[in-house]
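Heads up, the chain below is alone and in the form predicted alone; it's given as structure tokens.
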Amino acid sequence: MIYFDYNATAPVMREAREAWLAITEKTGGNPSSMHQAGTRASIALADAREKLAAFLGCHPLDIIWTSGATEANNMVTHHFSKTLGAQDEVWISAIEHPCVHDSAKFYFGKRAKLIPVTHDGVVDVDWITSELADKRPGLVSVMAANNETGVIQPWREIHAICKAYEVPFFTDAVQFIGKMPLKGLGECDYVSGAAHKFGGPRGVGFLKIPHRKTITPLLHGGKQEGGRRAGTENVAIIAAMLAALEVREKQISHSQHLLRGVWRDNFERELLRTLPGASIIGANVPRLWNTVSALMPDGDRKHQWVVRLDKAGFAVSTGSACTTGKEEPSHVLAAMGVKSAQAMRVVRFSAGWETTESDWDALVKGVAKVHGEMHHGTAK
């Protein structure tokens, strides 16, 4: 099986497994305990916090460990629901991940205002600038890169605008971290990430907040994380997350050809040549080097493609793993103006650092073969 669903989850890296095992064998104490075993665990936790802060460019005390990005993102919306005024709005992009979109709607209802995006899937910066001239929301939330389309959002520009208006800015950087350079992320007020998107273990993530400000806890029952997040920290999987991130950061600095998306672009050109009527979502704007969101030819349904490619030895997806299986079209594609019938034909291919050029070549050949079977009856 050749894996092309890294945006859903990346296989755990060897370095992450080894880090987990080393901490598990040598550091078995609770980091809140006063004895030597607890002290060793506390030191390992502090070391991981310092490493992540250095990558992001923020203070170590800005970091809160969480069970993943869903918890981190809910923590942000929960906090602002408890601290903002009864009439205050939060503005979130129309293409946010469901754990931002749905939690904002849950806590704020109609006061959660959607920021529109262009047909290419880029958040409308002019809209934000225009609206801020008349009204100040309590929070602006724009993801760093979209999980379905791979479109990189202008988070740096939006953060600068929000800073000028003294509006807190939050970016869900889950798909960005481990694929693109982290420089500048730590300057944002709130940042979330999850280990399993870049080769770390599942069940661990983080939230970066301004450490000089308080945050309303989502979980209660303990004073861990400076009283900001109750629950005993899982030191081993946190260390594994940082081990994976260290490797990814080195790869990013030494792999400019991948960051330019050369293999992705070659795949797209061949796919469009092979499949008349197909098109690439967000083709005209900067995207993650690993992601292709393809609108397949008229009459093809995405689930049919996923099943057939799976049988052919390729793991691909229909979009967000958190919404796969739902009958309604993607809210991301709807926000981009993609019609419902078209959205039902979109397939996502997402590669990883371990994906080779020959894997991309094999995929496009597999797509061509499956297309022939679907349209010419060469296989039953």
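When you see a residue number, it is the position in the sequence shown, counting from 1. These numbers come from a predicted model, not from an experiment.
Heads up, the form predicted in complex with ligand PLP isn't pictured, but that's what we're talking about next.
- For ligand PLP in the predicted complex, the listed stretch (38 to 46, 331 to 339, 66 to 74, 53 to 61) containing residues with heavy atoms inside 4.5 Å is 66 to 74.
- Ligand PLP in the predicted complex is not approached by I128, whose heavy atoms all lie more than 4.5 angstroms from it.
- Among heavy atoms of N147, some come within 4.5 Å of ligand PLP in the predicted complex.
- Ligand PLP is not drawn, but in the predicted complex it has no heavy atom within 4.5 Å of R287.
- Looking at A194, you'd find a heavy atom of it within 4.5 angstroms of ligand PLP in the predicted complex.
- Note on the partner interface in the predicted complex: the residue among S293, Q175, S93, T171 having a heavy atom within 4.5 angstroms of ligand PLP is Q175.
- H97 is the sole member of H97, R308, H159, H79 with a non-hydrogen atom within 4.5 Å of ligand PLP in the predicted complex.
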